[in-house]
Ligand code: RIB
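Only one chain is included here, represented as C-alpha cells and corresponding to the form predicted alone.
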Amino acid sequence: MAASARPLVIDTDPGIDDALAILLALASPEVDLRLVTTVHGNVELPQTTDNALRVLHLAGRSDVPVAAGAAESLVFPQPERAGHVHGVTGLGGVQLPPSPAALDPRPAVVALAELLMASEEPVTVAAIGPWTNVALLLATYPEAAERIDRLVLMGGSAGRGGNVTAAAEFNVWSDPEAAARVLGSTVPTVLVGLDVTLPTVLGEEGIARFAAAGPVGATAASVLQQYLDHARTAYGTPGVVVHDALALTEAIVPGTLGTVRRDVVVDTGGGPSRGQTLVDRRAVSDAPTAVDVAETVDSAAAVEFLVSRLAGLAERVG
C-alpha cells in the first residue's frame, strides 16, 4: 500500500456492482480500504454481509474488517429487494469460497465511528447501498461524522428520473428518510447519481479483458453474467451499468466527475414520487448543506479505469 494512500470505508449491500466496486478499491493504490460496513438493500443483511466477506477473500484481503449494519430502513420497510437483478444471493448465482475471517462483532455504526475518531488522517466514506448506516452515524455519533473528509454517495438522480420507479433511484427509494437525513447534513458530500452512471456502460469486450487476466478477473466476469443477462432482457443492451464502481472511481480519484454544488431534498411522502431526489439546478448553491452533484462524466475513461484496474488486480492476486 502506498504511503500516501487515503483511508477509505465502503458502506455497501453486495450486489453485483457493489462487488466490482470493492474489487476496484482493492486494486487502487490511491486508497487504503480500512473497513467495510454492510447494510440491507439488494438482498437481506445476512446475505450482503456474507457476500462482502467472500468478495474480500476472493481478492486476498480477508484482513479488511467487515461490520454488519442496519437490517431495515429507518421508518418504513424497504418495499422489495433486487434479486431479479442481482440473483437470489446477490452475486449473480456465483458461489464464492467462504471467508476464513470472522465478522467484526461491533455494529457497523460503532465500527465506523471508532475508526473515524481514531484516524490521524481524513477518511473518505463511500456509501453505495441504501444510506441507513450513514444516517444512523449522523444521528448517534455526530462528532465522528464531522471527521469524514468526503462522503461519496451512489444514488439519486438530478434529471433522468428513476430506475426502480419513474421518479426514484434504488438506493434512495430503499430508505428515503435516511437519504433526507444524509443529504441535509453539512458533511462534504458528492452525489453520484443516474445522470452519470447510466451513460457509463461496461461492455463485453472490457469484461473479457479482465476475465483473461487471472482467476479473480474470471470470477468477477462470471458474477457479472447475471447483470449482462438482465441488461439484454430489460434494456436490449450488450453491456452493464456499473453504478457503484463509478462512485468508487470518484472516491479514489477526486475530480473524476464534473460536479456542481446544488441544493438537494428527498421526497419522503407516500405518493408515486417517494424517494425522488429533487435537485435545484437553477443556480449554484453556497448553502452549508449543499451537495456536489455529479453532472458530467467521461464514460469511456471511467470504464477503462475500471477494466485496467481489475485486470491489474487479477494479475497480482493470480
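Just so we're clear, the structure is a prediction, and the values are computed from it rather than from any experiment. Residue positions are given as counts along the sequence shown, with the first one as 1.
Missing here is the form predicted together with ligand RIB; even so, the following discussion is about that form.
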Report summary line: Which of 242-250, 68-76, 108-116, 211-219 lies within 4.5 Å of ligand RIB in the predicted bound form, heavy atoms considered? The stretch 242-250
Query raised in the report: Do heavy atoms from each of 38, 47 and 175 fall within 4.5 Å of ligand RIB in the predicted bound form?
Result: no
Query raised in the report: For residue 185, is any heavy atom within 4.5 Å of ligand RIB in the predicted bound form, or not?
Result: no
Query raised in the report: Wondering, does residue 133 line up within 4.5 Å of ligand RIB in the predicted bound form on heavy atoms?
Result: no
Query raised in the report: Would residue 276 sit within 4.5 Å of ligand RIB in the predicted bound form, counting heavy atoms only?
Result: no
**Report entry** Non-hydrogen atom contact residue 42 with ligand RIB in the predicted bound form at 4.5 angstroms
**Finding:** yes
Report task. Sort through 99, 163, 189, 226 and report the residue having a heavy atom within 4.5 Å of ligand RIB in the predicted bound form. Result -> 163
Report task. Scan 135-174 and write down, in order along the chain, each residue with a heavy atom lying within 4.5 Å of ligand RIB in the predicted bound form. Result -> 154, 163, 169, 170, 171
